[in-house]
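First, one chain by itself in structure tokens, the form predicted on its own.
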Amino acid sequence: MAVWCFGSINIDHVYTLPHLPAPGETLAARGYRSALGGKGANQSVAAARAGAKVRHIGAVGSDGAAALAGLEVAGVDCRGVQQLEGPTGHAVIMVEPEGENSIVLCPGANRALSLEAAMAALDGVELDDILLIQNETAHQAEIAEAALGLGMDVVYSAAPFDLDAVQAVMPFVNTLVMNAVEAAQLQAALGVAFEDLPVSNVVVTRGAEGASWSSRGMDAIHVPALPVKVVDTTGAGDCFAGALAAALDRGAVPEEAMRFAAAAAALQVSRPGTAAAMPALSEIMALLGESG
């Protein structure tokens, strides 16, 4: 079993601010760091540190050596990562003292990757392996369709939210993962209840209010968020999605997988950073033991 992540790889430029800037306001940063990021890379690292065998499919630019090294150090197989001319994707992340953030994203190589090479990178897929995808690359629908045809379970983290992208990918998705804002946007746009969406499972994360799993013909599962001191919420949703995929990949039932993902996300928001803040399997299991 393995988790295959088709997703973005970014270089994050993180600025710590006294508060998020208002329109027209100039602020002096209290701190700065550069680190591996991108929803795809974050989810790959989260899944790998949570115990899964992970292969990443994506792209970096000519400046992407450090990003690749960061993935490999976390235990992610990067044979499927294309190395292109031009810049690696990057993000400017502004974080205020309570942990809330604002993000500006430049896609770079994530939108320039080759579909043919990405398809070829699926070589070696086994039945019931998991494909984890997001909305920060090109060709999500094509890769999801190919994966479903190979017998993979497709987990789709529908962020950043884009209605056209969601509608294109949903026919090839087993499990749709969204936060509460994205879920409300999707329901408003389509005018349908979750049980009428063309996917088997819908997972909605609600921050401090926990998360829910809805499946056709079953009562919804709700797991609470674990109480922690929040330091930085950047990457929390990615941590949840990656840990959820890791748990499902090793055969966990939905409630068990959701509790595992909630514990991982709780640990991740209690420390600064994105990919670098993803917790190890031993940390997640220890927290579940303490809270259970």
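Sequential numbering from 1, following the sequence displayed. No experiment lies behind these values; they were computed from the predicted model shown.
Omitted from view is the form predicted in complex with a small molecule, to which the following refers.
Contact check in the predicted complex: 7, 137 and 144 versus the small molecule, with a cutoff of 4.5 Å between any heavy atoms. Do all three pass?
No residue of the spot touches the small molecule in the predicted complex.
For the chain shown here without its partner, which stretch in 111 to 119, 200 to 208, 185 to 193, 87 to 95 has non-hydrogen atoms within 4.5 angstroms of the small molecule in the predicted complex?
Single hit among the candidates: 87 to 95.
Within 4.5 Å, heavy atoms only, which of 73, 180, 103, 125 is in contact with the small molecule in the predicted complex?
Only one listed residue qualifies here, and that residue is 103.
Contact label in the predicted complex: residue 249 to the small molecule, heavy atom within 4.5 Å
Residue 249 lies outside the contact set for the small molecule.
Is the gap between residue 58 and the small molecule in the predicted complex 4.5 Å or less for some heavy atom pair?
Contact check for residue 58: no, nothing within 4.5 Å of the small molecule in the predicted complex.
Give a yes/no on whether residue 44 approaches the small molecule to within 4.5 Å in the predicted complex, heavy atoms considered.
Residue-level check for residue 44: no, no contact with the small molecule.
Closest heavy atom of residue 235 to the small molecule in the predicted complex, within 4.5 Å or not?
So residue 235 counts as contacting the small molecule.
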